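A lone chain, given as structure tokens: the form predicted alone.
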Amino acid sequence: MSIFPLAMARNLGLLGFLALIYASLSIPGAAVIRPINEAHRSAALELFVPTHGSFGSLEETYEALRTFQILGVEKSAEISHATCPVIVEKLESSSSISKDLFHALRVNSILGCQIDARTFEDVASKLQAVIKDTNSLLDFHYAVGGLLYIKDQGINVILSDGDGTFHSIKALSQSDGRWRYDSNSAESSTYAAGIALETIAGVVSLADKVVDESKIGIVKNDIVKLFDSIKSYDDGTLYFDEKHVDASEYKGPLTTSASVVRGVTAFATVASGRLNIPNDKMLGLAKFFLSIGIPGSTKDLFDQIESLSRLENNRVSIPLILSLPSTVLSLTSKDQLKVEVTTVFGSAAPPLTVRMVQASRSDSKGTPVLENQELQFDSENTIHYLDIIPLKLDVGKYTLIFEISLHDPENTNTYATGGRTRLMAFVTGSIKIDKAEIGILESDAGNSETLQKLDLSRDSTLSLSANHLQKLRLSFQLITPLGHNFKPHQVFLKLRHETNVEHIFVMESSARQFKITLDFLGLVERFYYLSGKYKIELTVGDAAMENSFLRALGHVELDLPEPPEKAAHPPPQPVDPYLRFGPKQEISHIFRAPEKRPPKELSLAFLALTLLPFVGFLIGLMRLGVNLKSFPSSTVPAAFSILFHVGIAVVLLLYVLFWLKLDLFTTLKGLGFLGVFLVFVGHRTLSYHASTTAKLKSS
């Protein structure tokens, strides 16, 4: 019996239980391989986000647009407005290098910008000159690739010295199928091999005459040597990686494999006859790209999608992917075992038969429980299926081995099925809980009269009591739907004290049942001599058990001896983050009762008294009349007089607003600005009146 005394927060046990169940649901050993689906389209929209109508450099723009084009997402229209002027500028600039021209031309191949034929012809002349003068593989790649894009625009492009260019590129190859970047490079590269093969394919397409078949044969042999260096994982996925290159030139397995796939498929398109590449290697590469799932960077997503699009339609062999739409089959729901066979992009496969060669439990050391089961085909849903209920499969984790047989023998040269495919699946069901008993014993033997029956299908409110000389026993059986004993991954018994000190015990299977006996005399130190109420919880969980549970069984009142002087103290309990950072208790504040105010009528009467002087002022104006004789007649003095009176009116209005809604600080701020304004215009107005009065007196 393993004992783990732990001091944890209240919910830690439940969280641990859920984490263990989640971990057990993961299927190790082989990556789940599924064709490209809607999740990749969503990922592309999230990763490739334009800024002001542009994706950055032209290289990044091409990767984004090409990815969207393959996935069927329309983005060209909204990118054209910002990108086409950049493309035209690059193509017309005399300082643009071959790399810039190459990226501009391939972006234009998607956007279709308005570029005249003269510009294409000038660019073609520049690229032809680059091919004549360079010995760099990358310059060859950019120049030849650019000429191919120009040719696709309907411009007549012919590589005048095709044989010489072919020879110059081939001179950079190595005996192991890899290539150097230039004649001065000491190291060769697998990534460069892919670039070289793609470039040679372009040379063959552009050459002024047919390239000698013997040269094509030499390159085919280089490809065979290159594939001899392919690496593999245990699940059958294959990939290319660099051997010995500088850190600055290292590209990683995904980018390197993508380069080789682009080069091989491009060369296979222009070469006569078939390439001597085994079908299982093309399938292994496809599985490698799909096993990545959804990459997290734009570059990796482009390499994955673009490489798979090349494998989807190529002259070597088209990989067929066998996958399980669901790796969890429920006996309770009577699920069928369903198998999909499609291309890497989910297109329908040619007529074929799927046979399950064998199925074996992961814990049975490879002994098959099923053999040679042919799956039925649902033509409407293009699914191969098998009913598992009549097969008497019990719950558990299974290794399934499938084999694909094409109906038309001619398709064996077109499609790669890869022989046998190994997949993992879970068969789940409801587990019966039987003979559950719990009780307090005076000795290990005990008797049936001291044990109580338990119903573990629901929580219990059992109440037990014991001292340090007694023992707690719990036992039960787990039975599968086919009547076999079931051993789940996780079976825990937990006792939690009133102070939240927890103790977890792992229950072991013995004699076809799970049984545990807690001897409290040997546990008093682990229990820190804490007497009192202990809540009892039972946790049973497994990935194949549909009715995994966490049950409260009740409590046991323990009477333990007093702790000795040097006994260990319980560990401090962690602070519940919810109590520490959660919402605080609402503060209820009682305001002071408002002072007694005068009656409303008295306030209104006082208001009327304050308005009486203003009313008298208005009456006086009406009786005496308004005197406008001294109002200035000149334009400038009249304007200042008008502004002065308007300013006084605004001050009065500000007082009214203060009475109705404004606070004191806002009112004072407004008065400050108005005061400065009134001083200025008032001074000008009074100065005018003073000068006018002085003139009248002197006259």
Partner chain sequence: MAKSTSSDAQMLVRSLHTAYAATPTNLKIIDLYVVYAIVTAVIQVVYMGIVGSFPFNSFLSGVLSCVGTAVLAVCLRIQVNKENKEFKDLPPERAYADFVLCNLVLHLVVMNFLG
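Only the largest set of C-alpha atoms that superpose within 1.5 Å between the two forms is called the rigid core. Positions refer to the first chain, counted from 1. These figures come from a predicted structure and were not determined experimentally.
In what follows, reference is made to the form predicted in complex with the partner chain, a form of this protein that is not presented.
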Answer for residue 588 alone: is it within 4.5 Å of the partner chain in the model of the complex, judged on heavy atom distances? no
So in the model of the complex, does any heavy atom of residue 648 sit within 4.5 Å of the partner chain? yes
Residue-level contact is defined here as any heavy atom of the residue lying within 4.5 Å of the partner chain in the model of the complex; does residue 614 satisfy this criterion? yes
Is residue 114 close to the partner chain in the model of the complex, meaning a heavy atom pair under 4.5 Å apart or at it? no
The single option of 47, 643, 70, 671 touching the partner chain in the model of the complex, heavy atom within 4.5 Å: 671
Using a 4.5 Å heavy atom cut-off, which residue among 584, 597, 566, 458 comes into contact with the partner chain in the model of the complex? 597
Would you mind picking out the stretch of 632-640, 655-663, 62-70, 37-45 that comes within 4.5 angstroms of the partner chain in the model of the complex, counting non-hydrogen atoms? 655-663
Of the residues spanning 600-624, the ones with some heavy atom within 4.5 Å of the partner chain in the model of the complex are 602, 603, 606, 609, 610, 613, 614, 617, 620, 621, 624
Once the core is aligned, please say if the CA of residue 666 is shifted by at least 2 angstroms between this form and the one not shown. yes
Large Cα shift (2 Å or above) at residue 604 between this form and the one not shown, core-fitted: yes
Any chance the CA of residue 409 moves 2 angstroms or more between this form and the one not shown, core superposed? no
